[in-house]
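The form predicted alone is given below as one chain in structure tokens.
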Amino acid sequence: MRILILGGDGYLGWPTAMALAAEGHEVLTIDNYLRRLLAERTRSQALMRNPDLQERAEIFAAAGGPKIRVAIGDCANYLFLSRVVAEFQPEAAIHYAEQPSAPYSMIGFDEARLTLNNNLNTTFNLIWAVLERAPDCHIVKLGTMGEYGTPKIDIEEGWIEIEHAGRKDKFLFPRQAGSLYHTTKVLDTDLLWFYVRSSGLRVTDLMQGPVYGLSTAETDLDKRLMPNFHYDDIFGTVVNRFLVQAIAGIPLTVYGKGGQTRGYLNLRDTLQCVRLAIQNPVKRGELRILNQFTETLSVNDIALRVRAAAARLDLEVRVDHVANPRKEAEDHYYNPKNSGLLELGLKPSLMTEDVLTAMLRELVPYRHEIDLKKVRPRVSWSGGAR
């Protein structure tokens, strides 16, 4: 297939590009390095240096991987994106091209405006580029489980049937996002659903939980192919952050009580999920929503697992409950459904001690690169940057 990847320089985008190219697909990936720029501005650089996207493609090819085409440009620029879609004629378009950090979106007005404008304009432009230039293209958009929030009822897979005053109908499951970033993802879903209904788009919306992981089958070819591994409080996910803290001898920063529960998945499983979505496209005029995670864990659960894994490497780890900078429930009901991807063939890789220990071993050589200033919370939901 011809597969277009928006945001191909990202933590998920680059491993996806390599994995799909390795399977024989023709891959064209786009990025404008926005995430790198924002990480630089906020002193949130990745743990190891990552070559730019063009260099990565060249390294991958030199290591025996197939060619990955690269286009450097801004997906929020419709003329650029429309031209790429018209020339490439993708059969599937994977949409990662958004400002991905909830903390960044809560720093202040400028950061909130950038998040809103970039994320919604990119989604809107992709919709119209597909409608006008490649109407049979299947859009696969990476949403987030954070769209749902933490309701006191079971979270269905995207949709809910409601009975009211003696009548029934099916609606998108109610969303109650906890950050502006997550709110933009809610609006993405609404935009896509509108154009599915009105114009016959084909869309799969993957409601993804927090991702952890460092390596994939393709990164074994050359360590320079590893994804952007952020461990800071702004762009780093909690598992990756805890692993680096364990190596650095820093107490794990559990926000508040630590009962916050979410659905997690390994980076390798993200690649599985995207692959399954592409291999099983929806028909015109359909919006399929799949909850993309493999297990639910609280922050306390993760801290205990990281501490146990670290003990195998003779690393003594303490857990520090710090004041929660976010506005969120710290003890809540959480029961999301996730049968869709399992039915398509997902084979989950769970967060075992073996998996965490292997990640710790991969990270130890970079211990000297750790910046201790990045691991404590620097952004407050109510007060911006600290």
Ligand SMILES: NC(=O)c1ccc[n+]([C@@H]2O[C@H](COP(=O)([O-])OP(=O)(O)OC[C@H]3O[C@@H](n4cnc5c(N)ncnc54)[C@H](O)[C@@H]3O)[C@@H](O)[C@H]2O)c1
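In this text the structure is predicted, and so the values were computed from the model without any measurement. Heads up: residue numbers just count along the shown sequence, starting at 1.
Note that the form predicted together with this ligand isn't included here; everything after this is about it.
Of the heavy atoms in residue 185, some are within 4.5 Å of this ligand in the predicted complex. The shortest heavy atom separation between residue 211 and this ligand in the predicted complex is within 4.5 Å. In the predicted complex, no heavy atom of residue 103 sits within 4.5 Å of this ligand. For residue 231, no non-hydrogen atom is located within 4.5 Å of this ligand in the predicted complex, even though that partner is not displayed. In terms of contact with this ligand in the predicted complex, the residue from 139, 244, 142, 303 that brings a heavy atom within 4.5 Å is 142. Put simply, of 108, 249, 149, 73 only one has a heavy atom within 4.5 Å of this ligand in the predicted complex, and it is 73. The stretch among 360-368, 20-28, 374-382, 7-15 whose residues place heavy atoms within 4.5 Å of this ligand in the predicted complex is 7-15. The partner is not shown here, but in the predicted complex the stretch 100-133 reaches within 4.5 angstroms of this ligand through a heavy atom at 100, 118, 122.
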